[in-house]
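Read the single chain below, which is given as structure tokens and is the form predicted alone.
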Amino acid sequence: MTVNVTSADWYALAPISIVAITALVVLLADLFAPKHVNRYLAIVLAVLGIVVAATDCKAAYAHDFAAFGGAFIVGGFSVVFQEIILIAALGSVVLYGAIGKDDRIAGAIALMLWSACGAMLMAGAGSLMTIFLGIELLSLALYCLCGLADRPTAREAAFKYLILSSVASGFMLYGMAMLFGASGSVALADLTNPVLASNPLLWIGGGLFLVGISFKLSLVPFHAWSPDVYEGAPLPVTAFMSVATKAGTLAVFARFVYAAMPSGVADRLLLPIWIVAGISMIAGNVGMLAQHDLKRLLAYSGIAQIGYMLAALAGGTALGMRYAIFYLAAYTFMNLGAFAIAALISDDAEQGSRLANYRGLAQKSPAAAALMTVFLLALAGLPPTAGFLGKILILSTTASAGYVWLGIALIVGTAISLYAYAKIIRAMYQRDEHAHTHAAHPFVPLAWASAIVCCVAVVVLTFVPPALRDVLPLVR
């Protein structure tokens, strides 16, 4: 099939292109900039590029367009996910103002921006090849980023992520090959043919494809890599991974569920996913209880949180899609805010990742402790935060879609998580003159600004939730 490429097709990729070019500009500027300004020059250039890309991306909202013959689809759905990915990149880049060696900042930021390009490509992917290209672009840069810290656990994290992610990609690629064999096309639109409902290649290929998706989302039992990789990676990289990988993969999963399944197939093929989502809510929150490292704790928290988002998608309703996106947006600000506080009390040794260093934080920095409390309450799903509203909305859509048991799992998981989050809050406000607490760093205004913005967003979203329209995924 011949595809006539026009300027409109290339314009659909403009936000991704801007981010990719920004990464190149950051590297070139680092070659010629004085060493004493290269850190902040790289951050400023990255922030400007992200803002320009986000502004350009917003213009495509509510203007559906299938570029490159349907291989990349622009519209409300892709725009919302791309904006969330750009927010994750922005919130992570500014953390380099507090952490990282000057001679590595530009390279790390460039890799992070290229990884964001992969996630953005996944958000608009309309074909199997585009999905795989986006996943690999996202992952390859992350393999490098995970090993940048000067500690053995960073190399271990990068190696684990490389090996396990490659195995998952193999499952996904084999599944894609079977889907191609069933439909004779790599376009997701061609999978909707009702004739394919009786084709065993569709069922086997769809199952293998979902195994790869489950790994990328850190769903049980494909979650074991997540805590180790989060712990070993540099803190800004962990912050980025915690949101961008979930956003990009959730976009692919949602498009597959809502727009690429023949009638009558989705309910039966996706039942195992809903089951592991329910298990993930419980297992993730139970896993938090024994953690002594913030990054490991938030990794287990992320396992549970993605379970909540998938619960909203069960039933394939329009409201479920909107509520899942809302909760993903809220989760973005919760997580980025928590990592910003960790950066405030860290240097290159990342003391902020150890929970013991939060003991007595309220005595040293009341503002940092208060902000961290808001983020932890939001992750726990308590008012007055967006986490509370998001869970209420998810409960309503799971009940109306007939998946009451997923709602029960959400409630049980939330109850378990309260202890893990409350333990940190209690430690921060506990008076202990001998606590090994690090005061908030006074020279990292970017991290402070990130934490404050995230706190405001977490609270404001509760009372002024965005009016999400035209966010159902399309394949043509």
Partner chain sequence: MHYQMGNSGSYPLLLLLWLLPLAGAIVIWAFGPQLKRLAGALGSAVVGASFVATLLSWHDGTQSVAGAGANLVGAHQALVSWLPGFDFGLLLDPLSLLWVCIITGVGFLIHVYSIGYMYDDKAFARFFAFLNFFVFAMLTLVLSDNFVGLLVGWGLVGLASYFLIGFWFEKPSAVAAARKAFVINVAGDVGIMFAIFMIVASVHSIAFGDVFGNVGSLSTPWLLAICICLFIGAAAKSAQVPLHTWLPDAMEGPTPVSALIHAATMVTAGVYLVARCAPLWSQNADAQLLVGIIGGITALAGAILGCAQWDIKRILAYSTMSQIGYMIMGVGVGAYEGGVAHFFTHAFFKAQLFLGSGLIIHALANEQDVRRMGGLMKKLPFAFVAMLVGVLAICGIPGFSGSFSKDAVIYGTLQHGHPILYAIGILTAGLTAYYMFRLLFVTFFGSYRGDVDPSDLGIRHPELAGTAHAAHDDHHGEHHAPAWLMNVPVGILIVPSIFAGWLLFGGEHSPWAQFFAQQFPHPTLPTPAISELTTTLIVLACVAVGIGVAYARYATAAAQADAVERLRGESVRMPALLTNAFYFDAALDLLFVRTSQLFGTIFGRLIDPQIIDGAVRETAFSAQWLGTLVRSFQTGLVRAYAFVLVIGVACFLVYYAVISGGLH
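Small disclaimer: the values here were computed from a predicted structure and weren't measured. Positions refer to the first chain, counted from 1.
The form predicted together with its partner chain exists for this protein as well; it is not shown, and the discussion that follows is about that form.
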As a check of understanding, the residue in 389, 259, 154, 369 with any heavy atom within 4.5 Å of its partner chain in the predicted bound form should be identified as 389
The one residue among 141, 393, 380, 189 placing a heavy atom within 4.5 Å of its partner chain in the predicted bound form is 393
*Applying a 4.5 Å heavy atom distance criterion, does residue 58 contact its partner chain in the predicted bound form?*
no
At 4.5 Å between heavy atoms, is residue 238 in contact with its partner chain in the predicted bound form? no
Margin query: Against its partner chain in the predicted bound form, would residue 136 count as a contact residue? Criterion: heavy atoms within 4.5 Å.
Written below: no
- Item | residue 462: touches its partner chain in the predicted bound form, heavy atom cutoff 4.5 angstroms | yes
Assert contact_stretch over 295-303, 355-363, 76-84, 240-248 against its partner chain in the predicted bound form, heavy atom within 4.5 Å, equals 295-303
Near its partner chain in the predicted bound form, with a heavy atom at 4.5 Å or closer, the residues from 287-303 are 287, 289, 290, 291, 292, 296, 300
